[in-house]
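Below you will find one chain, with nothing else, as structure tokens; this is the form predicted on its own, and questions on how it binds or moves follow later.
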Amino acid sequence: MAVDITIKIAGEAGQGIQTVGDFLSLVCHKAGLYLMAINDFESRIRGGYSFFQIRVSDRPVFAPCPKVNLLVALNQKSCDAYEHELTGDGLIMIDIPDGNSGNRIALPMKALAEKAGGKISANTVAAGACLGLMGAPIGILEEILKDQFGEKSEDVLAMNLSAAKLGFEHVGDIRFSGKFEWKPETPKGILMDGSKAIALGALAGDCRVTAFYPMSPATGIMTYLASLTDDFPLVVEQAEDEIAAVNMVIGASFAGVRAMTATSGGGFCLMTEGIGLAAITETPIVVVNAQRPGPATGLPTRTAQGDLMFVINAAQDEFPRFVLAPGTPAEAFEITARAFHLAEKYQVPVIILADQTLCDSICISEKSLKAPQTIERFITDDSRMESPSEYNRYAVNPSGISPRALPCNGKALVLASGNEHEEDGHISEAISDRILMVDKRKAKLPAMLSEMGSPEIDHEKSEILLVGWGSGKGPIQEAAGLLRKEGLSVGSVHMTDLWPFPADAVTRILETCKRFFVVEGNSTAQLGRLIREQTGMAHHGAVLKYDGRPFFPDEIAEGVRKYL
């Protein structure tokens, strides 16, 4: 029998929801199961409703499920808020002293934790109880606890081992429809979230300097990088604001190191002038925009895909840039590493569009993370130059890519300015220089376009295609599978390389189907508009979600059914 169950741990911020979820994720991973977990939390230190929802399966899963088999309610408010999501035979486990009734299981977490040695272990009690209901061997959780607390005092480890056992035994006689036979196997891959993947991808791309101002959901990228500074040649600087952060990154890159910043849409707004400075000085930088709903502060800890058209057109006037949008942690790793290569090769900004779902969700990545085997640098050797005046930083050539020497690193005199300039870098307002420089920068576009990968297509000969980008990949592919089970000919198209827009490749794919629908986390079908603008092909419908929550496959399938 196939395994596919969903557990939701819900409560107030600060109640340790994440800890319970982490324990469950680690145990399931160690047992060789697949999982996909989402974090949902409000932008407050205490209060509100927060949850960690984990879907466990014996097959690969990359999307959450809207129906919950087990709700672990750390307070009554959470029980009331999410009880309607339960399946018909689902259970609620709630932190009350006693009184099992119907589908409610009383789990006195605090009392059992005190019995184990301290209230602080209440989350371990909950994890043990969850695994007990699921039929998991207690030994796997004990191994995880030893890994987590082994370096701490023996008393802390003993307390948590005791707490896990008490929670596990407390539910021993309770029947749960989600219980299954555990056959521990070798872990299928690695547990990974998007923030960690982007951070590791930056290291793989030889990033040496990062600067940021904290802004959810991008903060996790930089805090993870900060934890690695003792082991890698990396500087992580927390700036006073996003304007300072992007300019620090520009300065570091101008000096010759690969550099990156990460923010969300509001911070990206502040960075646009800096991105224009990078463009006119042709200084390579990488900027991560981890999207959240706006405008203004919007929903600070929720997810969205509303910044696509914004980043393609960010900063005044016209200049080339890359826009890339990974859909999974594995893609996030590879795209980030590639972004540094592209930025330096073409001397342009590269913008990576992530979102809260990608950054904060956890899944099993079976695909090996492929780091570049070599780091190719695009720096001009000016050591044999006879005179510094020979060097023209913005020398015009057919490719539009001028030789890039580093300031104070050789014989070349490197000049740069935020004003329009001559080939040597001196400021100029001459008509001829203005036209020359605009055309020079634009000349990079044909080669940049050749770097763009084709969209990934699943079931390419289908009559109907669902087209999406970014973190919608998993839910869209699963939704297409649901519709195929109903006898419909449905495939999916996932785009990661968004700008310069690969119009020829997209046209070839969409010409093969009868109808295509876009699936996006915004209210205006921005990718659909972009496809029409660049190819002349109009989508036949759009499934849009803009409530700040991630897509569920079922709702995508239902949205398509309405059109059909």
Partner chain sequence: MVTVQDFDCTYENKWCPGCGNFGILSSMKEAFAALDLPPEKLLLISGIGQAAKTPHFLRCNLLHSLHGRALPIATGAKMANHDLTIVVNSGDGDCYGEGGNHFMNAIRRNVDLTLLVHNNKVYGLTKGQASPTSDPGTVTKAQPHGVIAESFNPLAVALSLGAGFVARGFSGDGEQLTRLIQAGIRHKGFALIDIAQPCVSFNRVNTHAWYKKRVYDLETENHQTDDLQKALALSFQWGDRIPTGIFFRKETPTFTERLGIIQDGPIISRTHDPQKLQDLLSAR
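Being a predicted model, the structure only gives us computed values, none of them experimental. Positions refer to the first chain, counted from 1.
As for the form predicted together with the partner chain, it is not shown, yet the points below apply to it.
Visitor: Quick one: Leu191, Ala252 and His426 and the partner chain in the predicted bound form, is every residue within 4.5 Å by at least one heavy atom?
Guide: Checked in the predicted bound form: all three residues contact the partner chain.
Visitor: Where, among 235-243, 323-331, 117-125, 286-294, do residues come within 4.5 Å of the partner chain in the predicted bound form by heavy atom distance?
Guide: The contacting stretch is 235-243.
Visitor: Heavy atom within 4.5 Å of the partner chain in the predicted bound form: which of Cys79, Met215, Cys269, Leu413?
Guide: Selected option: Leu413.
Visitor: Which residue among Arg208, Arg338, His494, Lys440 has a heavy atom within 4.5 angstroms of the partner chain in the predicted bound form?
Guide: Of the candidates Arg208, Arg338, His494, Lys440, Arg208 is the one lying within 4.5 Å of the partner chain in the predicted bound form.
Visitor: Should Tyr224 be counted as a contact of the partner chain in the predicted bound form, where contact means heavy atoms within 4.5 Å?
Guide: Heavy-atom contact with the partner chain at 4.5 Å: present for Tyr224.
Visitor: Indicate whether Gly474 is a 4.5 Å heavy atom neighbour of the partner chain in the predicted bound form.
Guide: No, Gly474 stays farther than 4.5 Å from the partner chain in the predicted bound form.
Visitor: Taking the partner chain as it sits in the predicted bound form, is Ile435 near enough to touch it, meaning that at least one heavy atom pair lies within 4.5 angstroms?
Guide: Outside the cut-off, so no.
Visitor: Determine whether any heavy atom of Asn419 comes within 4.5 Å of a heavy atom of the partner chain in the predicted bound form, and answer yes or no.
Guide: Asn419 belongs to the contact set for the partner chain.
Visitor: Give, in sequence order, every residue of 365-385 that has a heavy atom within 4.5 Å of the partner chain in the predicted bound form, or say none if there are no such residues.
Guide: Contacts from 365-385: Leu369, Lys370, Ala371, Pro372, Gln373, Ile375.
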